[in-house]
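A single chain, nothing else alongside it, follows as structure tokens in the form predicted alone.
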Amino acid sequence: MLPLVAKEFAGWTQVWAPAKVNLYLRVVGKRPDGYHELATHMLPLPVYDTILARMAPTLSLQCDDPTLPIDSTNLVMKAALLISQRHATDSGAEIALRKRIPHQAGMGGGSSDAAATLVCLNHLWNLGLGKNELASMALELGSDVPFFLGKGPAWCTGRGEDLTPLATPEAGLHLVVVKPSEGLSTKEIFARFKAKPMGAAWRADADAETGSDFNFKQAIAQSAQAVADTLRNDLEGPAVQLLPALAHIRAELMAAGAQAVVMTGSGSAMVALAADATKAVSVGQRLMLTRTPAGPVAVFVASTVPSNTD
């Protein structure tokens, strides 16, 4: 899944862009610069968008999802314009985006696409940009984008750009992700959260690890059951206010046999932990057949591979 790799395919340069889920998200507070300070865990998920690019006189974008814009409001075009203006002003590319990750889900599709675009065009245009140069541009594009330039599961602080590799259990994690048809606006969710302002000493506040942070970081290296006891997302309350059907999805997942459930990112997807791969498939199948107040749901079942901090 990570790190992102550019490969040649039928005359195109191709990068697979994975989704992510947050199994833990604590909002530390609102910083003086207007951003929210976070302490969160991000885990890449084997659900992929695909970025394809080939040389062309100008920059252009096509997408197989007609509901998405293909102008500079799309993060793929934002990333392409940024790397072009900084490092390849005379270069163009025809870019194709193949969408599989649902948007407004908290699964990082747009951020992953942006990171994949930087990697793809760096390769296509033979720019030779290093990790630090790409990461700097990634942060300009969005708080989650630097994560997708990393190597795998990570503990993320700051706006999300300060990454520390964090091992997952050797036995892996077995996940069921349920996305209702209705999405949620990250901006609106944070507006409803009412985060505490962080004063002049905000960095000291940000660096202060809570007991729940410590417990999660210990649990994620142990077992799925330990992780299940430490899941957290501070944004879930405001999300349920905006989309009450999320509470129904949570209840259905637990009734189907999930160990625990948490919302990912700012929603609207919910993530369930299952005891093993067989149970994850069973839970996923039940949710596919369940009628929810939110209408039809998309269901993704995935098992992670063991990771370490090497």
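Start at 1 and count along the sequence shown; that's the residue number. This one's a predicted model, so the numbers in the text were calculated from it and none came from an experiment.
A second form of this protein, the form predicted together with cytidine-5'-monophosphate, is not displayed here; the remarks below concern that form.
K.L.:
Which of K196, H103, K187, R86 has a heavy atom within 4.5 Å of cytidine-5'-monophosphate in the predicted complex?
P.N.:
Spelling it out, the residue with a heavy atom inside the cut-off is K187.
K.L.:
Please identify the residue among R54, H36, R26, R250 with any heavy atom within 4.5 Å of cytidine-5'-monophosphate in the predicted complex.
P.N.:
Checked against the cut-off, the match is H36.
K.L.:
Might N74 be said to contact cytidine-5'-monophosphate in the predicted complex, defining contact as any heavy atom within 4.5 Å?
P.N.:
Output for N74 is no: heavy atoms all beyond 4.5 Å of cytidine-5'-monophosphate.
K.L.:
At the 4.5 Å heavy atom threshold, is G142 in contact with cytidine-5'-monophosphate in the predicted complex?
P.N.:
Taking the distances in the predicted complex, the answer for G142 is yes, it comes within 4.5 Å of cytidine-5'-monophosphate.
K.L.:
Would K217 count as a contact of cytidine-5'-monophosphate in the predicted complex, using a 4.5 angstroms cut-off between non-hydrogen atoms?
P.N.:
Close contact is absent here: in the predicted complex, K217 is far from cytidine-5'-monophosphate, nothing within 4.5 Å, heavy atoms only.
K.L.:
Is R232 close enough to cytidine-5'-monophosphate in the predicted complex to count, meaning some heavy atom within 4.5 Å?
P.N.:
Looking in the predicted complex, residue contacts with cytidine-5'-monophosphate do not include R232, since no heavy atom lies within 4.5 Å.
K.L.:
Heavy atoms within 4.5 Å of cytidine-5'-monophosphate in the predicted complex: which stretch among 27 to 35, 61 to 69, 276 to 284, 240 to 248?
P.N.:
Of the options given, it is 27 to 35.
K.L.:
Going through 156 to 173 from first to last, which residues have a non-hydrogen atom within 4.5 Å of cytidine-5'-monophosphate in the predicted complex?
P.N.:
Residue within 4.5 Å: R159 only.
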